[in-house]
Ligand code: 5GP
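The chain below stands alone, shown as structure tokens; this is the form predicted alone.
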């Protein structure tokens, strides 16, 4: 049985290099009613990252302990590193009456869909304009060597096959335009929920009067 909540779970997934992390950061900057679900990870912290803001950085042993204690809604292993979304992020967002944003892959998205009512979820799959552009973006990031770029590219092609599992599929040609489209879709769902609640309350009064 799926759990129903009032605030929305916003999921943004994409293959590596398609721009989901940049989109998430921009969406959060433009929205004051969305909280980011900060994941836990066993990978090493990069120079520009902050613990508690980008990720909660823990050892592999600590991650395994948390996982065994049902601390996470979903976990994933990518490039020999563990990632997990804690349940507490959802309850914290609910207390603040905010939506919660997940920057996760298709496997994590599938686990969240299995746990929570689908009408509470707004999920997006972000595609690059082309394979050539995806490769260019991976090279531009400057994080990986040629071997790792080839590996990420092959993983990306496999990940793209799961786009049909998402309500919305967007091609990220221009980051500002894509964020604008995401915001419009979220606003549509907010309005739909508001109208449904309004209608439900009015019908209740009419029937019970």
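Numbering follows the first chain given and starts at 1. None of these values were measured; they are calculated from a predicted model.
A second form of this protein, the form predicted in complex with this ligand, is not displayed here; the remarks below concern that form.
This ligand is not shown here, and in the model of the complex it never comes within 4.5 Å of any heavy atom of residue 128.
Residue contact check for residue 62: none of its heavy atoms lie within 4.5 Å of this ligand in the model of the complex.
This ligand is not shown here, and in the model of the complex it never comes within 4.5 Å of any heavy atom of residue 30.
Contact between residue 74 and this ligand in the model of the complex is found at the 4.5 Å heavy atom cutoff. Highlighted residues 19, 25 and 168: none comes within 4.5 Å of this ligand in the model of the complex, counting any heavy atom. Out of the listed residues 134, 122, 104, 100, 104 is the one that sits within 4.5 Å of this ligand in the model of the complex by at least one heavy atom. Of the residues in 20-43, those that come within 4.5 Å of this ligand in the model of the complex through at least one heavy atom are, in sequence order, 20, 39, 43.
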